[in-house]
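The chain below stands alone and is given in structure tokens; this is the form predicted on its own.
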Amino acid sequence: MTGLKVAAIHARFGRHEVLRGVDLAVAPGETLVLFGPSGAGKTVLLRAIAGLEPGALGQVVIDGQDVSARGPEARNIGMAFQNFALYPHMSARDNIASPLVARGLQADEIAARVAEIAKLLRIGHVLSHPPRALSNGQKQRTALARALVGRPRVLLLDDPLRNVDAKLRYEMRLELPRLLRESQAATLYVTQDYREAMALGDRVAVLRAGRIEQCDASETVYDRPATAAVARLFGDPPVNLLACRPVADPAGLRAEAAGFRLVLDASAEAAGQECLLGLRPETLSLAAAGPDAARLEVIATTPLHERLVVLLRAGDGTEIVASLLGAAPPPGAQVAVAADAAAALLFDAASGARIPARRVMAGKAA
């Protein structure tokens, strides 16, 4: 496979093993988002791929060539960092041109490439400015231009939108997918923002405790997380995880927790096991009282975008978060809340692994 492939990447700082055998593959023109909490090892993995982490072990293959023993300058990799890392004594133009100068390209070709990428990123009017005279958005675009100008086969982006304002971050989430596709580089993009991961990634790899816990299309990671830990990382408000012990039912498994009674299309092997029932807040809704709806007390409400986040309490003291449309029920009110059984998740309590559906539909496990 052309593009980027890494196999069995390990990295250790003293006794702490940061990366524990990471395998990944990214195709040309594909953006794979590397997502995970702080300290998961995301930046260390990028540095290992770039040849900047001397203690890292494992194999790095670019366009079919094993570059594991090559220095950073011989790997044809472009990088952009969250702190921009621009040379303060150089103009924006010279910052962008620096990889081309290092490769010994002719001045006219350097000028043409810099002008081309500056036009693409709409920073042609600030090329003569030093970094101190640039806004954060202009610094970010300059850093991206420097990473792209060499037409690298692999592009490593380390949380490049983290230090820009919310408006620019939103705009770049719209613009970046097109820029990255046009570059035809195999792109590995690091972020701690699950919305950014879902907006930018053709696929999302969840790195946790030094290992890839799941690598799938973004909607698959959200709708069918491999583990309860992955489910917790995606969503705002986060998923409700309720202890339950499901029992066999002719239609699947019946799970009861915090007043909810749901029949799930889940493997019968989980019957009688300690499990976690995952209910995402947006899959809960106010309903007419009934045997399957939970009777909950409203504790507090707060608006979030076009929805209302409601903190609820079950009779056993369990707290539930719902994300609702419509008018806010007042604190202290008793309300009936229904859960969408088709969207519910079930995890093994001991291992955290998601319990799959009984059926296989269209070639995919539900």
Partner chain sequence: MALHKLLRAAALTLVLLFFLFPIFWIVVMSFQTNEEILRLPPSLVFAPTLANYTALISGHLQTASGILDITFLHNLWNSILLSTCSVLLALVLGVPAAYAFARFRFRLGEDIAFTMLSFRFAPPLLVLLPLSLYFQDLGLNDTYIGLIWIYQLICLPLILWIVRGYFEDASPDIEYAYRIDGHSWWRAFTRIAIPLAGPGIAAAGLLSFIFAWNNFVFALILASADKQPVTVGALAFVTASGIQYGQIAAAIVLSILPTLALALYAQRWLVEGLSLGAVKG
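Small disclaimer: the values here were computed from a predicted structure and weren't measured. Positions refer to the first chain, counted from 1.
Note that the form predicted together with the partner chain isn't included here; everything after this is about it.
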Distance check, N83 to the partner chain in the model of the complex, heavy atom within 4.5 Å: yes
E274, heavy atom within 4.5 angstroms of the partner chain in the model of the complex: no
Partner contact for S98 in the model of the complex: the partner chain, 4.5 angstroms, heavy atom: yes
Distance check, A294 to the partner chain in the model of the complex, heavy atom within 4.5 Å: no
Partner-facing stretch of 45 to 53, 304 to 312, 324 to 332, 58 to 66, counted where any non-hydrogen atom is within 4.5 angstroms of the partner chain in the model of the complex: 45 to 53
Heavy atom within 4.5 Å of the partner chain in the model of the complex - residue from R211, R261, R103, H129: R103
V230, I77, A205, I123 - the one with a heavy atom within 4.5 Å of the partner chain in the model of the complex: I77
Partner contacts in the model of the complex for 146 to 166 (non-hydrogen atom within 4.5 angstroms of the partner chain): R146, N163
